[in-house]
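In the block that follows, a single chain appears as structure tokens, in the form predicted alone.
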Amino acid sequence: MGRQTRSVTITARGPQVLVQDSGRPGYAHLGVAAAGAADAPSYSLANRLVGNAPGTACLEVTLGGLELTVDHTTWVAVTGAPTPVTVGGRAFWVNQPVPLRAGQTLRLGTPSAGLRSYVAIRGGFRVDQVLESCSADTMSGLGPPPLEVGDVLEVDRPAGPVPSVDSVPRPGHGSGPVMLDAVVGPRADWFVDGALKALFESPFEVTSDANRVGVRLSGPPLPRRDRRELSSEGVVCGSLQAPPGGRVTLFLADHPVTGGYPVIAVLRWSSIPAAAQLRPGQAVCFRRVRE
């Protein structure tokens, strides 16, 4: 007898729904960023809540709007941006296991704050891998394309029990100013003395030019002392790149692996999840910390 398949069908979506996992680190020499879930702690928690192994594929949902229908009885979990979650008219919280019966539909509303929510299903989504990952990289085009209404995703068999937990409290995502910790970058000496002071003592604002590659910020100018052309060099997630006379760019998960503008600062790894939840119009401040 053949193996019975288990699947979900996408019946509605918002601005963007992507398949994500823990990414494909180790391929920068090929020009490929690690990509993976932009808010890694939220992604990991979603998988833990339904008993999935680390690195299991889930869905990254931008600004809600997702509806999916299951063809089998299972559990799901929604984490990240606090979006309304309903199943058959019944409301659930984020950060908790949610039961679904065969034929039921999970619906995500628009989050009250934050940008990206994560949906994990028990067993995980079965998607073909590219360079050892099924993460969708929006810059390189690797991985599966954004999901559309009518898409069907196969679900793997569970590998372990559902954890005996009702919910996991997590700090909320506010709509006010966000403080991000950053260390001085490798090219800070290319800027005038007052540039670092302006970066760490002035507020910036997230512009509408924001996606998984990076976020452009409006704020005070960061004048350069050195006007030479910089040869392309390595760029990491969390880099703050400052082109001459342009808006500072904060690079996120799908960032280019090299860049030709000087990096004035780099976020601490612990601040990257908060950066991944920034919404256009939100205020951002940078706090200088030691490496």
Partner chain sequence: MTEVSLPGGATLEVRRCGDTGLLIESGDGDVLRSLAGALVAAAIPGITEVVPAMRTVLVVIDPRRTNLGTVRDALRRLTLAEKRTDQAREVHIPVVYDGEDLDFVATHTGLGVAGVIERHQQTQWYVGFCGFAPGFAYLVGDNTQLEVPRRGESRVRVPAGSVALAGTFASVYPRESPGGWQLIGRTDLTLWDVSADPPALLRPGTAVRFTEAS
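All values reported here derive from a predicted model rather than from experimental measurement. Numbering follows the first chain given and starts at 1.
There is another form of the same protein, the form predicted in complex with the partner chain; it is not shown, and what comes next is about it.
The partner is absent here; in the predicted complex, the one residue of 123, 186, 82, 144 having a heavy atom within 4.5 Å of the partner chain is 186. Scanning 234, 223, 260, 246 against the partner chain in the predicted complex with a 4.5 Å heavy atom cut-off leaves one residue, 234. Within 4.5 Å of the partner chain in the predicted complex, a heavy atom is found for none of 211, 273 and 276. Residues within 4.5 angstroms of the partner chain in the predicted complex, judged by any non-hydrogen atom, belong to 127 to 135 and to none of the other stretches in 104 to 112, 127 to 135, 157 to 165, 71 to 79. Within this chain, residue 53 is remote from the site of the partner chain in the predicted complex, having no heavy atom within 4.5 Å. The partner chain is not drawn, but in the predicted complex it has no heavy atom within 4.5 Å of residue 59. The closest non-hydrogen atom of residue 266 lies within 4.5 Å of the partner chain in the predicted complex. Within 4.5 Å of some heavy atom of the partner chain in the predicted complex lies at least one heavy atom of residue 140. Contacts between 34 to 54 and the partner chain, taken as any heavy atom within 4.5 Å in the predicted complex, involve only 34.
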